[in-house]
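First, one chain by itself in structure tokens, the form predicted alone.
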């Protein structure tokens, strides 16, 4: 008989790691963040509780990693540059609306947003792992538009990014009104109009 090979420890660890992340996302959707426990994640993933604590200090940290994994990592592709800033921003903001309103992303994202208010370390990790890469990508697209004369010189691009994405997150977080692609288009149009050099703005 051939020798029965046991899985390599690294492969077992990777399977356990992925099982934990999957369990965290599923359970946040089923029971909500407040009722989520490390014990429940461990039971769903088929691992011991100490296995989780070996990799993560809290359930918030587990959910954060699960969210990053669900999003496909934290290195977004560069924004499109078709030469039409408004069209490019509309495409990006529409994709943002799709993600924010997709239950797979919305539930863990709301959980992390709420938990980060009382956990400064988690808040910093959430910003750096989830938000910062996307904000940086938008800023680089604005920088290219500024070089092309489509954005006024002297504009603080970090503030300009907040001008663009802030309205979407405000409406999503506070549920002041439906978050739609039409709203995303309006935000893009108003932002580009505000950022445009004075010489390119229509005269009333």
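Positions refer to the first chain, counted from 1. Only the largest set of C-alpha atoms that superpose within 1.5 Å between the two forms is called the rigid core. Note that the structure is a prediction, hence the values are computed from the model and not measured.
Keep in mind that the form predicted in complex with the DNA is not shown, yet the notes after this line are about it.
Between the options 32, 178, 48, 149, the residue in contact with the DNA in the predicted complex by a heavy atom within 4.5 angstroms is 48. Contact annotation: residue 37 falls within 4.5 Å of the DNA in the predicted complex, judged by heavy atom distances. At the 4.5 Å threshold, heavy atoms of residue 22 stay clear of the DNA in the predicted complex, well away from it. In the predicted complex, at least one heavy atom of residue 13 sits within 4.5 Å of a heavy atom of the DNA. Of the candidate stretches 167 to 175, 39 to 47, 60 to 68, 150 to 158, only 39 to 47 contains residues with a heavy atom within 4.5 Å of the DNA in the predicted complex.
Taking 2 Å as the criterion, residue 36 does not count as shifted between the shown form and the other one: its C-alpha moves by less than this amount when the rigid core is aligned. Core-superposed comparison between the shown form and the other one: the C-alpha position of residue 138 differs by less than 2 Å. Residue 187: CA moves less than 2 Å between the shown form and the other one after rigid-core fitting.
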